[in-house]
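First structure 1, then structure 2: two forms of the same chain, each alone, as C-alpha cells.
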Structure 1
C-alpha cells in the first residue's frame, strides 16, 4: 500500500488530500480552516462561533441538520482551537458528496439563531464553572498562562466568564464574515475514496465555499519567566501538579529526538521512567505522565501528576530527581531500541484505520512535513542516535527552568517549600 496521498488545490484555495483504502467501507475526513482564536478581535468569539456551526443555517434548523446527517449515515463535528477551526467525521462513500454539502452549508451560512446562542452561552459558562472546580484543569491552565504570557497559546479559547457574557449574536456574525473562507483550508480524506469521487463529485461541492477569511499571522510568544503558582482549593481531596517549560515548534529539526526522549521518560508503557518510579515503585501519584506539545510557532514540554496532598512535597522532589536522572543516567540502548520499535509499530497499526490515516495526513499538510513523510518516517526514527536523543533532553528538558502550578488543598504559604530548584 502506497503511503503517499494525492493532493490537489481547488480554485478557491482549498488543499484537498486523499488516500484510497478500498478495504475500508467508509470515508473518514479531517480538516481545518483559519478561523480559530488567532483570528478573533473579541475574546471568546471564535470558540462561540465554531460551536454554533451546527446550530442552524439559512436553509436548515439545528434539528434538520442533525436529522440529515444521521440519515446519511454520517458524523460531522466542528472544534475551535487557538490556531484554526477543525472539522471531521465519517460517512459511506455514496453519501460523501451530500455530507460535504452539509459541511459547506454550515461553514458558509450559519444563521446563529438567538435561541441557540443563549443555549450555547449557558453550556460554555457551565463548562468554565466545572473546570474552575477541577484541580487538574486549574493547574494546567495556570501553567499555560506562565509558559505563554499574554499569548493566545496561554489563554482559554472560551474566554473568561465576563467575556462569554458580553458576546452578542452580532459579534458572531461579524467574526464569521471576517474570518471564515476557503483560502488555505485543508480537507483530508481516507478510506473508500478514489480520484473520480474526489475530483468529480466532492471537489465541485467544496468549490462552492466562498468567504473573505484568510490565514492570520501567528505571533511568536515572548520569552517566559519561571513561575510558581499555588491555587488553594481546600474543599478538594486531591492535589494536581503541572510542571513545564517552553520547548520547540513541530517543524524544528530536533523534534523527533526530543519526542523520543519524552516518550521514554513519561509516555511509553506504564508512562515511562516517570510513571514506573513515582507511581508504581514509590506510590506517590495516582497518575503521572509527560507531554510534548509542538505547535506552529512554539511548543512546550510538561508533566502532569495527581497526588495525595500529604505526598505533595515528596512528589515535587521526585519530579526534580527523576528529571535530573534523565541527564545523569541517559536512556539506555535497550530503552531507545524499544522506543523506536514502539513508534514505528504504533504508526503502522494506526495507518490500517481510516480515521487515524486521515489524522496523520492532516498533520502532514498542517505542519508542512511533505507528502512523503509517512514513507520517510521509519528511517527517520531508526536513524536517531543515542547522542541526539540525549542532547535534545539536555537542551529542552531543564527542570531548573520549569514553571510549576499546584491546585488542591494546599496553602499559598507552601510556595517556597515546593520550589523545583
Structure 2
C-alpha cells in the first residue's frame, strides 16, 4: 500500500487530499473549515450555525435536503468544534459529485428558517441537560474548565443554557456571512477514489464555494488552575473520575516521545500500566485509560475511569501510585521496544478502513505534518530514545499538578480525602 496521498489546492483555497483504497468500494470523506467556536463573537453561535446547515438552503427545505442525501445512498454530517467546523460522510463513488454538490449548497446557502432555529434550540438545550445527567461528561467538563480557564478549549462549544436561549436567527446569519468560506478549508477522501473522480468531477463542484471566512488566530490559553471538584449525583450507580493536566500542542517537538509514554502508561493492550493495575489486578473498573489530546495551540493529558463509589479512594490512590511509578520505575527498554513495535505495526492495521484513512489524512493536513508523514512515521518512532520518552513523562505527567473531577454518587465531603498530592 502506498502511503503517500495526493494533494491539490483549488483556486478558492480549498486543500483536497485523496488516497485510493479500491478494496473498500465507497467514498469516505472528512474535512473542516474555519468557522468554529474560535470564530464566533457571541457564545454558542458557531455550534448553532453548524447544526442548522442541514436545516434547509435557499432552494431546499430541510426535508428535501434529507431526502436528496439519502436517495444518493449517502450520509452527510456537520459538527462544530472549538477550532473549526468539521464535516464528513460516506457515499457510493457514482453519487460522490452530487453529494459534494449538496454539501456546498449547505455551506453556501443555509436559509436558517425560524422553525428550524427553534427546533435546534430545543435540541441543544436538551443535549446540555442530558450531559448534566451524564457522570463521565460532567467529570470531563469540570476537568476541562480547570485545565483551560476562560479559554475556548475549557468551555462547552454549545454555550451555556442562557447563551443558547439568547441566540437569534440574525446572529446565525451574521456568523455564517463572516466565517464560512473556502480559504484554508480541508477536504480529504479515501476509498473508491482516483484522480479522474477527484480532479475532474468533485473539484469543480468544490470550486463553486465562495465566502468570507478566514482562519482565526487562536489565543494561547493561560496556565491551568489546579482544582479538585466533586459533583454529587446521588441517583447514579457509578462514579466517573477525570484526572489531568496541561501538556503540549500537536506540533510540539516532544509529541512523539510523550505520546509513546502515554500509550504505554494507559492505552496499549488492556489500557497499559494503568489498566493492568486498576482493572486487571485490582478489578476496580471496567474502563481506566489515559488520553493525550494535542490541539493547535495547547493540549492536555488525562485519565478517565468509572468506579463503584466505595472504591473511589482506592482508585485515586491507584492513579497516584501508577503516575508516581512512571518516574520511580521508568518505562523499561522492553516496554519501549514493545511500544515502538505497536506504533509501527499499527500503520498496517489501523488504516485498513476508508474512514480511518480519511481521518489520518485529515490530521496530516490539519496539523501540517506533511504529505510524507506516514512514510516518515516508522523512522520517527524507531529513532525515539528511552531518554526522550523518560524526559517527556517526567516533564508532562506530574500527578502533583493534576486536577481531579469526580461525578457520581459521592458527597462533597470527599473533596479533601481525594487530594492527588
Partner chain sequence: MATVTKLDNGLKVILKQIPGATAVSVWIGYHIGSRNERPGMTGSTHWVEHMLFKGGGKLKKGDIDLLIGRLGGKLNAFTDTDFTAYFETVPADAFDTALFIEAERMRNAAFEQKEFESERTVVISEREGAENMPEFVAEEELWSNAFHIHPYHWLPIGWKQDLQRLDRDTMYRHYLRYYAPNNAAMVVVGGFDEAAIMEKIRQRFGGFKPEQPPEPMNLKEPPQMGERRSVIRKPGSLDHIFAGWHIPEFSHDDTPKLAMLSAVLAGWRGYHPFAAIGWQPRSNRLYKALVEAKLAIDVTCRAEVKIDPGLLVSHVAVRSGVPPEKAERVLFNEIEKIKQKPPAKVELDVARTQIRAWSGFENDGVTYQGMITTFFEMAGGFEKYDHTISAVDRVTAKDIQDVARKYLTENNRTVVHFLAEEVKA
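Numbering follows the first chain given and starts at 1. For the two forms, the rigid core is made up of the largest set of C-alpha atoms that agree within 1.5 Å on superposition. The structure presented is a predicted model; accordingly, all values stated were derived computationally and were not measured.
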Notebook entry, point to check: Which of the two structures shown, 1 or 2, corresponds to the form predicted alone?
Noted result: 1
Check: Does residue 409 move its CA by 2 angstroms or more between structure 1 and structure 2 when the core is aligned?
Finding: yes
Note to self: After core superposition, I'd like to know whether residue 117 moves between structure 1 and structure 2 (criterion: C-alpha shift of 2 angstroms or more).
What the structure shows: no
Checklist line | Rigid core superposition, residue 24 Cα moves 2 angstroms or more between structure 1 and structure 2 | finding: yes
Next item on the list: Superpose on the rigid core and then read off how far the CA of residue 345 has moved between structure 1 and structure 2, in Å.
Entry: 2.4
